[in-house]
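Read the single chain below, which is given as structure tokens and is the form predicted on its own.
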């Protein structure tokens, strides 16, 4: 896995009901950088993440992963390069066993059986779930489900991880373990979150999104000291 750069250029998006979720959003993330996306509910954080691998398509603007511009012709490659981990793992896990959930992406790449098995083994090892291959994800704890989702993305050998509220609904032990795992993954990480402690621990840079617009972008330590800024955008 090699970290990739990410560039969002003047991206705007509206849902079919007319709700304008993103307004001319521009953002550049360097390879290996960890960036937090902060903002109140409805700010556009999840919408932005879903654009990064083409789940949603912008009404205008461009998205680049490294030197590759996202378009309908390279959607498969972009989705290999940018792995999205949803807030609710039950939205992402749908196969009978953990092995099949983690193998689903590599299988669709057309890889040989032996390579798929090795990718599954390596990904589960990265998230401390060795031996879980034959278990049903739906019988696991919420924290274990989150780690299976992370393994499924890592098995694709992406360059960018996009994580939507990764610590939500986790107990203290599960949260602590997930933060340890995320801190050890040497990929570009874009993390939408309300967890300011996560930001302090994992993300040297933060972006505040509100009303579909970027209102602040800078060192996390500086932004998190600005209580007036945080309060005005629903973060305190």
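Numbering follows the first chain given and starts at 1. No experiment lies behind these values; they were computed from the predicted model shown.
Another form exists, predicted in complex with a small molecule; not displayed. Remarks below refer to it.
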| property | result |
| --- | --- |
| In the predicted bound form, residue 165 touching the small molecule (heavy atom, 4.5 Å) | yes |
| is_contact(residue 200, the small molecule) in the predicted bound form, heavy atom dist at most 4.5 Å | no |
| Contact flag, residue 40 vs the small molecule in the predicted bound form, heavy atom cut 4.5 Å | yes |
| 4.5 Å heavy atom contact, residue 205 to the small molecule in the predicted bound form | no |
| Answer option from 11, 214, 223, 21, heavy atom within 4.5 Å of the small molecule in the predicted bound form | 21 |
| One stretch from 41-49, 180-188, 27-35, 66-74 that, in the predicted bound form, holds residues within 4.5 Å of the small molecule by heavy atom | 41-49 |
| All of 15, 87 and 194 with a heavy atom within 4.5 Å of the small molecule in the predicted bound form | yes |
